[in-house]
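Here you get one chain, nothing else, as structure tokens; it is the form predicted on its own.
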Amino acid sequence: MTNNNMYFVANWKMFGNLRSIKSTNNVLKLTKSKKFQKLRIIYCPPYTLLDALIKKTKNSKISVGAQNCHYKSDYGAYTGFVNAKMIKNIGANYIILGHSEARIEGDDDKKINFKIKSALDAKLKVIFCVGESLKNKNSNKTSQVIKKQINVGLKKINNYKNIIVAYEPVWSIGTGILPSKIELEKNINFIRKLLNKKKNGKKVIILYGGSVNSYNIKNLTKISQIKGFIVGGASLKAKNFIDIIKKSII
């Protein structure tokens, strides 16, 4: 069986310049192959590259998203910030919200809830990140933390059509260390149960993010509940990103 409907989200974080856009050339070629046409490939660069990347990928199978937004839906005197309307207006279709690096900078569960509502109102598709820190993990509070993140982050949201949940254990991001297969299955299944309890939540897909690379991707694809991946550093070079994509297709 071929996993040709999987999601691959390239999170460039605070990296890249206009020259970096060229790295998408080979990925664009990949998407023209019949074998890979059904894949959902989403590039999420810094704000400064959104316009250039949207133009570069126009009329292709690649989508573009932002990495965060302001929690206010309307325009206003918020120097240095960008809201969901602006992101949608420029032509992006996705947005990452709740990433652990944004949480460290001050995005708590309540603020993330406002951001998700704002993004959905702007007709953006939300990639909502949840995950525990090493301290949480060592204190056996993983389930407690994830439950709070999901219940508060998705509070008073009834339509889950444009929501994707990504499990990203904080302690795994950028460390090269992955959760064990047992840990991953346990936590992914826990997230699945939480979503299934919500109206229309059964259709929400779950991604994994955290030190994803071409060496560990084969093992990650063996976990059936995972429907795609958020790829950080390994997505900056087309060769690495393509290797991950190809090795994910069984």
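Remember, it's a predicted structure, so these values are computed and weren't measured experimentally. In case it trips you up, residue 1 is the first one in the sequence shown, and so on.
The form predicted together with phosphoenolpyruvate exists for this protein as well; it is not shown, and the discussion that follows is about that form.
**Q** Please run the contact check for K237 against phosphoenolpyruvate in the predicted bound form: heavy atoms, 4.5 angstroms, yes or no?
**A** No, K237 sits far enough from phosphoenolpyruvate in the predicted bound form that none of its heavy atoms falls within 4.5 Å.
**Q** Is S211 close enough to touch phosphoenolpyruvate in the predicted bound form, meaning at least one heavy atom pair within 4.5 Å?
**A** Flag for S211 set to yes.
**Q** Considering non-hydrogen atoms and a 4.5 Å limit, does phosphoenolpyruvate approach D107 in the predicted bound form?
**A** Close contact is absent here: in the predicted bound form, D107 is far from phosphoenolpyruvate, nothing within 4.5 Å, heavy atoms only.
**Q** Taking any heavy atom pair closer than or equal to 4.5 Å as contact, tell me whether K227 reaches phosphoenolpyruvate in the predicted bound form.
**A** Judged by the heavy-atom cut-off of 4.5 Å, K227 is well away from phosphoenolpyruvate in the predicted bound form.
**Q** Given the stretches 132-140, 166-174, 82-90, 153-161, which is the single one in contact with phosphoenolpyruvate in the predicted bound form, using a heavy atom cutoff of 4.5 Å?
**A** Single hit among the candidates: 166-174.
**Q** Which residues, if any, of 97-116 lie within 4.5 Å of phosphoenolpyruvate in the predicted bound form when only heavy atoms count?
**A** Going through 97-116 in order - heavy atoms within 4.5 Å of phosphoenolpyruvate in the predicted bound form - the hits are H99, E101.
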